[in-house]
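One chain comes next, on its own, written out as structure tokens in the form predicted on its own.
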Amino acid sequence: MDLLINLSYIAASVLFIYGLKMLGKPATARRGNQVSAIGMLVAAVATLLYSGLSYGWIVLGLVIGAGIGYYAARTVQMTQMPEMVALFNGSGGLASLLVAAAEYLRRPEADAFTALVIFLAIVVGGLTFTGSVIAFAKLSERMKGSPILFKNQQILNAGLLGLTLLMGIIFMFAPKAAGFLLVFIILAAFALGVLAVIPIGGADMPIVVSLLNSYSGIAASMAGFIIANNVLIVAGALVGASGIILTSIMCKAMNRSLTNVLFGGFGATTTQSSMQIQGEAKAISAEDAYYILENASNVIVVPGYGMAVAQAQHVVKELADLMEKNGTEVRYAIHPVAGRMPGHMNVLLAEANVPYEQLVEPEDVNPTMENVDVAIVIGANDVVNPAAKEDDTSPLYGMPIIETDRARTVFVLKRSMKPGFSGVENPLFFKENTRMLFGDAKSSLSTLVSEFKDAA
């Protein structure tokens, strides 16, 4: 039976790796998700083959967990998906913490290595849990998205981290005698998670979600070492490594270091640049915008969080189909940090069945932006802000953007002139080639759709 279980774990690990590889391309991502799910099913069934398990508690946990997961997945709005992902990360961290604590209580005379991984699982898992709760609160606007800073904050964080490491060393060399420290280690881990995330601004939340996802994988891998479960070690390592890689990619997309994201307090101070914004925002009606789109041969759609709020992805696809029938080439420019979580816009457009080959990255479209007849910016703010390349006093300066300001005409669909999640004013709104299409994005796009249909 042990041989069968281990062979099943190897098969599950192969499926995880293969599925993860498939997730790297939009065209195979859905199938990669399914392959990974099959791998998880194999691992779960194999684990249930161990003797001495209490199946009553397992079934109860499955029923409760599946019920909560089903309800959450069925009722969550696409605009709430980022905070739901944050909660998933936190749940994984808390699960690893509970496994580590339970294993210590079962055998407190653990050797030094086991005590070390118990300590790491508790610290990383606890930090992930409370950090994810704070990320959830910021993303759902239950607390303010701007950084929360106070005097000597970094000194406090460093002191708490040092104290936690000291308790970990004592716990590692005398786990049975130092068992009383377990509660303090858990509380310190919870505090570290809160203190690590509150100084991070809302604009950096996509990076934080990705990093916390990596932490949850690391904590799971530590839990795997504790209970000697090979597939948990592999799965946790894969999640941890992929999360770190994604975090690095997103930091590069914002032209910022991870240290700057974690300790920079972006948005805590004034976000107004010293450059005076010139020009006047010019509004346009949907009817007038139609005449320009009707004559356009090349259109770029730049989706942002505003598209998710308006739930406009299906209308965007309908409008694109009508423009293509009219002979217009339509592409979608996706910035890596558009929205509130990694891949947010890709998920929305996939839901609307937008062809994968129409999705392009900023570096693919920017070199030919002057040839674009119309750029339609739907609720995106910071990722198209020209201050990132024009104003060295702007907090966004140096961040690679989608350079829609160089297109022949820009339509910006917004409810108001309010800046984006970072709070930075956007000079794009005042450019000569920009027209503001105010109102609910879904409603504005529906009017454009009606204009095309009426003219057909």
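This structure is a prediction, so every number in the text was calculated from the model and none was measured. Numbering starts at 1 and runs along the sequence shown. Rigid core here is just the name for the largest C-alpha set that superposes within 1.5 Å across the two forms.
The same protein also has a form predicted together with a further copy of the same chain, omitted here; what follows describes it.
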{"item": "One residue of Lys282, His314, Lys176, Arg142 in contact with a further copy of the same chain, assessed in the model of the complex (non-hydrogen atom, 4.5 angstroms)", "value": "His314"}
{"item": "Partner-facing stretch of 151-159, 187-195, 306-314, 167-175, counted where any non-hydrogen atom is within 4.5 angstroms of a further copy of the same chain in the model of the complex", "value": "306-314"}
{"item": "Interface membership of Glu351, a further copy of the same chain in the model of the complex, 4.5 Å heavy atom rule", "value": "yes"}
{"item": "Contact of Glu318 with a further copy of the same chain in the model of the complex (heavy atom, 4.5 Å)", "value": "yes"}
{"item": "Ser446 within 4.5 Å of a further copy of the same chain in the model of the complex, heavy atoms", "value": "yes"}
{"item": "Displaced residue check between the shown form and the other one: Thr447, CA, 2 Å or over, core reference", "value": "yes"}
{"item": "Rigid core fit then Leu212 CA moved by 2 Å or more between the shown form and the other one", "value": "no"}
{"item": "Core-aligned C-alpha movement of Lys151 between the shown form and the other one reaching 2 Å", "value": "no"}
{"item": "Distance trend in the model of the complex - C-alpha atoms of Lys325 and Arg30, change of 3 Å or more", "value": "closer"}
